[in-house]
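Take a look at this one chain, the form predicted alone, written out in structure tokens.
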């Protein structure tokens, strides 16, 4: 429940609640968990408004956990207040939004952030169910999310943090140390950001899930690192280059400088999507692993092929396939 002036949009309201919105994993296996509650204990890490915080111990051998975002932000994204994963499927919001074709409407900067949070709060008080309506979502997308979701809670992420003194070789507490005595591993998952997780942009956990699904669907990156294009087939007759570009820049959430060009051949209903570098191409393949919908039609995606080497004295090939290849090479600048 929120208390504060509703008429003045420049004054942020405050949030008070009796119980947090948590997923099964963060709550822990203990059915008799005890929580400490602090009214206006911290500010939300998304909308920066003060809210009621909760702190608890999920189980033996685990670390204390607390809520990180307010309930208004959690309800608008249907996510846990602590781990920010989707409450229904237990997946990152980037994976869920990509599978269901949802767009992030929340402002990622401080501009209009409190105004947006107040509007969402007013809609929730009027009986709205939040920004995510699974009843009207794509059935194929929901089935895909069910296959990607975990079948059992992963309590492994409730383990204590790593001991920084042990990594330096200076921890003298031994077995009594409440932190894990393991050396840190430096990889992509070591750099996670709570705002990227919430807004569904550049989430390393989501990219790992999307990359694994893309590899299982035949979109594993080829060994030839010079290939930086994707080949789209079974396009609808009404498909345009702008529609394909809009999918990757808007629906897939890729940066504008990642896409180099789009070559569409209406007669063959195929298209080449050329990226600026290999990393951007792999990111596009990960986003295409779930599904690519152009003008309401799901299309097939595969990696492009490497440019064939021209031999001296060979006659140039003719036909629609060669014309497509020539147009691709002309736009890629190779």
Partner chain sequence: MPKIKTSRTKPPPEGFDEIEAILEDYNRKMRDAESESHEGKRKTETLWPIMRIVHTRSRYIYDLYYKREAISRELYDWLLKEEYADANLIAKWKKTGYEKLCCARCIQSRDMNYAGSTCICRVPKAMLKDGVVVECTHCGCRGCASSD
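Everything numeric in this text was worked out from a predicted model, so none of it was measured. Numbering follows the first chain given and starts at 1.
Heads up, the form predicted in complex with the partner chain isn't pictured, but that's what we're talking about next.
Novice: Since the partner isn't included here, can you check whether the partner chain sits close to all of 34, 55 and 175 in the predicted complex (heavy atom within 4.5 Å for each)?
Specialist: Yes: 34, 55 and 175 each sit within 4.5 Å of the partner chain in the predicted complex.
Novice: Among 78-86, 175-183, 205-213, 231-239, which stretch sits within 4.5 Å of the partner chain in the predicted complex, heavy atoms only?
Specialist: Of the options given, it is 175-183.
Novice: Applying a 4.5 Å heavy atom distance criterion, does residue 60 contact the partner chain in the predicted complex?
Specialist: Answer yes; at least one heavy atom of residue 60 falls within 4.5 Å of the partner chain in the predicted complex.
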